[in-house]
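Given as structure tokens, the chain that follows is alone and in the form predicted on its own.
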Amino acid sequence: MISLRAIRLEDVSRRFGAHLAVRHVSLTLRAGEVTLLLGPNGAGKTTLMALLSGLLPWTQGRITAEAEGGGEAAWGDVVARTPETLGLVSHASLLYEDLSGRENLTLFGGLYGLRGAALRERVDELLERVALREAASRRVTAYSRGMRQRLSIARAIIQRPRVLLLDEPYTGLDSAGVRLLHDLLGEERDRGALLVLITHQLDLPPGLVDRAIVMEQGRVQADGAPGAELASWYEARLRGAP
């Protein structure tokens, strides 16, 4: 797995026919940081996340990975060669509903190269961590929406990815699940992962987010430290104020 320092986007665009969903975005995303991606529906957030995940190719520009020791590689090549580098929580759970919670984590851990005792220990650790130990043997089809979301989060981090992308991860979570997610995000950042979080939720714990980026109509409109001033500006934009 690559020792990642940053992901750089240079003049990145994505076109669907005549529509530019992402317009000339240039950003540097750094390891050890949680970046919050904000914007109204249709702003291009999920498309940008799909470009970072490798699910979509970009129409223009380039995305590169910078290693800790120096040197760059095309980000698409990194994801293709070492898929364990990336963890993804998306609108789809990406779970196998006819398998149990334990079987899902065992399957995905095996796909990422975990074996034997190390795999069993990691699965047990995460089932405990996301409060699903008692439901571990139940099929996912019997899980509530919140339980599926917690299992999806565990699936996304089972291989300890260097990059963790989360698109609306709060969906279905109760207050206990939200606290659990906040704790996990902080832990992943502290171990040096690069995190990008899409959410409309602004009442996040102080210190959880290092940087906030606001998108509108496919462009980056604001980029800076999160805080009351940015939150007020963003809420005004959502209300249509100039």
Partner chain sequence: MSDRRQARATRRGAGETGGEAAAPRAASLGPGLRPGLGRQAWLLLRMDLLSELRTLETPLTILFFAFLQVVIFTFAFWADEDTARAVAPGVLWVTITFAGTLAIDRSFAKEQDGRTLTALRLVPGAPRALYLAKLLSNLTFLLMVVCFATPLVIGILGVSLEAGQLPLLGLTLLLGVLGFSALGTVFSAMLVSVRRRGVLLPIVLYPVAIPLIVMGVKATVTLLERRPDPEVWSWLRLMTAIDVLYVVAGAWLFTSTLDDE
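Numbering follows the first chain given and starts at 1. Computed from a predicted model, the values in this text were never measured in an experiment.
Just so it is clear, the following notes concern the form predicted together with the partner chain, a form of the same protein that is not shown.
- Stretch-level contact analysis of 190-198, 56-64, 24-32, 207-215 against the partner chain in the model of the complex, using heavy atoms and a 4.5 Å limit, identifies 56-64.
- Across the proposed site, 171, 202 and 224 without exception lack any heavy atom within 4.5 Å of the partner chain in the model of the complex.
- Distance criterion of 4.5 Å from any heavy atom to the partner chain in the model of the complex singles out 114 from the list 123, 166, 114, 130.
- Contact check for residue 73: a non-hydrogen atom falls within 4.5 Å of the partner chain in the model of the complex.
- The closest heavy atom approach of residue 79 to the partner chain in the model of the complex falls within 4.5 Å.
- In the model of the complex, at least one heavy atom of residue 108 sits within 4.5 Å of a heavy atom of the partner chain.
- Not displayed here, the partner chain is approached by residue 155 to within 4.5 Å at the level of heavy atoms in the model of the complex.
- Contact residues in stretch 92-123 (any heavy atom within 4.5 Å of the partner chain, taken in the model of the complex) are 92, 93, 94, 95, 96, 97, 98, 99, 100, 103, 107, 108, 110, 111, 112, 113, 114, 115, 119.
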